[in-house]
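Taken one at a time, structure 1 and structure 2 that follow are two forms of one protein chain, written as structure tokens.
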Structure 1
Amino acid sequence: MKLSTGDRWDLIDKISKETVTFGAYKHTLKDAIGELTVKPMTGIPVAIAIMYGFWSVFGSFAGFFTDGFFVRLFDAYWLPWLQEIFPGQGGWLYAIMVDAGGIESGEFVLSSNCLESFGVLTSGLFVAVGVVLPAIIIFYLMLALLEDIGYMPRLAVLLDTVLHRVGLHGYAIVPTVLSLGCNVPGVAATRILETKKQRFIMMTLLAIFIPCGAQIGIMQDLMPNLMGWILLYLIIGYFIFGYILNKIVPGKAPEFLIDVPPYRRPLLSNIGKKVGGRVRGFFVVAIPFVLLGCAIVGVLYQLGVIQFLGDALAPVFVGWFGVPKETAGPLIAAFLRKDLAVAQLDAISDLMTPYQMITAVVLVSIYFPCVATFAMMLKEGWKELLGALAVLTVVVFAYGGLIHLIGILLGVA
């Protein structure tokens, strides 16, 4: 027997009356807090406070372990020990693996700290383990806590209107926040968006404007006084170019429906599994690329390739972007690991003004995605990857030149 639409609803109503029991609803404190954190008038101040607390804990925890423990361990014990036992001091293999050092008065001079040595076993391990690992652990711990409590869906609702301006919706906050830990799971998470247009815009913005937790950890440790300006430029670029992409990329950006769960007590087992899995991914994916990046950049320095590229690209670096030609090396390293590139920029910071350092770090961020993210984007589709790279090329030159122009107008470039 074929039922009409009205008959179907009547049947549904009859079945529900016989099977569903409604209890008395009691409005609890948890319900009240849930409502306050999802309404813009009260939810936005709460969101700002939570994000401020998030980054305060992130910076304090990462800085405490890096400066209080790992710097002393690597610079006072690990580096001197390797400098002494590794054979061939002053040779090319020694420079790549341990310490590139420097020449003063015709003599080879050893580096005094791991960050400036540029060796695979010194700078590579220190950046990966001493700086990035503490930052990654605390970032994923805080993120897992917010997820388990049930706050992330509320943040998605709050940001829905803003993200619609760039062709996305509230759920886009999930890949965005994940990318602040690592761009690879962030790109994978774009699959939760419904349309090709939304996935393309999200993937492109992540690859260009969202720095990973490793890069943020390095910036927090090496240049905390400049970090606010760097992030401000990246956030502004995110919305400017997101708005432009929304206008020129064909397709639809539909509304979204989301189930906002009640707040609940976090489970340590859930948090442990999430943090453990993500940190294991960092050891498997990130650390090998950091060490590989150190090795490749070291070889290129020894072969004179970095010097050649610096000289060849000097008109672009100096004239258009307003940064020294020495930034060629870090930009090459950025394709392998952006955290390593930022560390290399800090090592040549005496060649730059503070504004040039801001410009250089922003360029590293919006430059080609690291090779792991590049590979993940390729898995999402080669057409999407080529389109994202075309947008990226335009953004690098347009936004990099605009930042330099702003510096000139302000008299700080």
Structure 2
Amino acid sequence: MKLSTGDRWDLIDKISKETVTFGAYKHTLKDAIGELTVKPMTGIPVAIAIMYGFWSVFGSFAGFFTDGFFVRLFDAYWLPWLQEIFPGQGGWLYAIMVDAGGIESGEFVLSSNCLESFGVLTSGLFVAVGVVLPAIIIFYLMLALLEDIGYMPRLAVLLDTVLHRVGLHGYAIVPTVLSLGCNVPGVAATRILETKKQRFIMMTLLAIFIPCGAQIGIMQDLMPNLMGWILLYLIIGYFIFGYILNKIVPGKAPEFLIDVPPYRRPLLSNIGKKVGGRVRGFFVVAIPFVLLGCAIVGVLYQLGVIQFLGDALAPVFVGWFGVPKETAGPLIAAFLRKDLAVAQLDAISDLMTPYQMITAVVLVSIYFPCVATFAMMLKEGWKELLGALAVLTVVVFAYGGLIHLIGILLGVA
């Protein structure tokens, strides 16, 4: 037998009257803190403080391990040792695995650090383990704390009005923040949005404008003074193109109702499990891709494919985006891993002005989702994926050109 909605509620009313007693409700300290972090007057300053704290801890923790430990380990011991023992110096296998080196006055010279060497075992391992690993460990640790305390739904409430402008609602902050760790769970989390329109807008914006933790980690280490501008361009892009998508994508963007859960004390065991699981995922999925990406780019260099692409696309790179044609290599690497692409851009930084570097990194971020994100989007629906790629193509050319134009107007490009 099935009841109508009304009858079902009547029955539940009767049952709860028989079994539940509601005592006087006391306003506790937890409730007070809960309200302070949701009301805009107090909530927004608290949110800014939390973001700032997040950022400071992230930067100093990652910097401490990368600059204080891994850079020395890799550049002073690992690289010279490999350069020494790996056979066939100057050959193609040596170039791909250890050091592509350079030619100075007709002679082959070895690289002096792990970024410029471009080898799978040197650059690849250094980027994955030396730079990105510390960054994502601290990122996931702090994300797990925010998740388990129960802060995310409060952030959602605070940002609801702003996110409505781009066709989403406050809860879109959950996929967005998850994407700042890795876009793959971010794309999966779009399932909590109600309509197709919202899911499409969200997925497209994530894939284009949200840099993942690995990319943020490497930017933080290699170009700390440019990163603010890069992130600013990405955030502005998120809102400009979100606004446009909201106007042109058909469908509804409903209001959202949310249960804001009480604050809870995070359990150490749960935090440990979550961070452990995510870091394990990084080892299993991300590190092989970094190494593979490094190898593919190395092989393509050896075959002359990247030089050929660079020359062929030079008018687009130089004329439209205002970046040197050598960015072709990093852009290919970006399809596999964005962190690797940023590292390769940094390795050719003497070819670029700071403004060109900003443009190049923004391009690497927005031009194509990495292969893991691509696969996840395909799993969510090929129509959405094709749509997102169409939007992406337009965005890359429009926004890339716009950034170039801004540079010209500022006199720096």
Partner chain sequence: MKILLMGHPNVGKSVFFNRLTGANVTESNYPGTTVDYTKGWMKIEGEDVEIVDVPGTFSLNPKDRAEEVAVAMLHENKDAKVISVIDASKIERGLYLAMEIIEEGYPLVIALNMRDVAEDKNIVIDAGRLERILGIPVVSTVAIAGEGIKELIYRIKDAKPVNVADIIANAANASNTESAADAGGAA
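Every residue number counts along structure 1's sequence, beginning with 1. Since the structure is predicted, the reported quantities are computational estimates derived from the model, not experimental observations. The term rigid core refers to the maximal set of C-alpha atoms that superpose within 1.5 Å between the two forms.
*Asks:* Sort out for me whether 1 or 2 is the form predicted alone.
*Replies:* Looking at both, the form predicted alone is number 1.
*Asks:* Taking the rigid core as the reference frame, tell me whether Ser16 has a CA displacement of 2 angstroms or more between structure 1 and structure 2.
*Replies:* Indeed, Ser16 is displaced by 2 Å or more.
*Asks:* Superpose on the rigid core and then read off how far the CA of Asp7 has moved between structure 1 and structure 2, in Å.
*Replies:* Taking the core as reference, the C-alpha of Asp7 is shifted 8.0 Å.
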